[in-house]
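Just one chain follows, in the form predicted on its own, and it is written as structure tokens.
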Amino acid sequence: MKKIKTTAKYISLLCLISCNPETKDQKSILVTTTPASITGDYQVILRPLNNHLAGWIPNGKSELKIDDKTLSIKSWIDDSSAVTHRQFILKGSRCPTLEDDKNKDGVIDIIETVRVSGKIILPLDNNLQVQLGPLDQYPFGNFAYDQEISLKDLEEDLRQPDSNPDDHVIKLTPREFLSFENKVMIVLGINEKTILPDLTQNLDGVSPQLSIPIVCGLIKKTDEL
């Protein structure tokens, strides 16, 4: 009987240690859930989409550098269309294909793109301090884009309440960590005179032509290419 009582006390002590959130062991477990650092160099090879619409094959490249304090982004696009090119980082992890042309009009429009590539997490305009800026603050024609932002400022903005949950721009969720690896980057915009199918969908406040994705790629760490 004495042996049984001793074992019971031992089990009770183990339970008390494992269930107490203030114990040293429990604190160590919580710390290990912190995600790996996002610092490093990233690259995106931007491959053509919808190039049959303009008779030109656009292409480009983007580089992201992240240190402890700053996100720097540089992009280059070779494209014949002298139009505003809106560029975005999306929340998803794959670019669309012709199989995603659900209305079968021969065009992968922006709405079909966000359905498979995710909503917009970061518009790459001339002011990265705020997620939603004027629609005209984007590069034009063949462009070289070079911007940077404080990671602290970026994350603070992305954790603000979503003012319009029904649009195509999204915030970070409360439990979501900021990351860029395997996110989708796209660039939009073809000649405004291009005739498009009637079913082509567009962004709010932007013409169907300037809403057409022209290149897309996945963000990869350079040591994984």
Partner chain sequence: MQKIILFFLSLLLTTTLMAESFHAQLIATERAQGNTFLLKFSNGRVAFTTSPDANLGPTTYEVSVDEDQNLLQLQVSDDRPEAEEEKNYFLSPENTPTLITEEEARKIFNRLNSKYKRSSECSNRAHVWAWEEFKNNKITSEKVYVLFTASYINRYRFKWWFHVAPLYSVKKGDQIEKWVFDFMFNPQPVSIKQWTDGFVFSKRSCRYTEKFSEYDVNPQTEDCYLMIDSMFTWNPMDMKHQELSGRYKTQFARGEINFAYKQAFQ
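Residue numbers count along the first chain shown, from 1. Given the structure is predicted, the values throughout are model-derived calculations rather than measurements.
Not on display, but discussed next: the form predicted in complex with the partner chain.
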Q. Do Asn59 and the partner chain come within 4.5 Å of each other in the predicted bound form, heavy atoms counted?
A. yes
Q.
in the predicted bound form, is there a heavy atom of the partner chain that lies within 4.5 Å of any heavy atom of Ile77, even though the partner is absent here?
A. yes
Q.
Check Thr113 for me: does it contact the partner chain in the predicted bound form (non-hydrogen atoms, 4.5 angstroms)?
A. no
(Q) Would you classify Asn142 as touching the partner chain in the predicted bound form, given a 4.5 Å non-hydrogen atom cut-off? (A) yes
Q) Which of 40-48, 155-163, 170-178, 196-204 has heavy atoms within 4.5 Å of the partner chain in the predicted bound form? A) 40-48
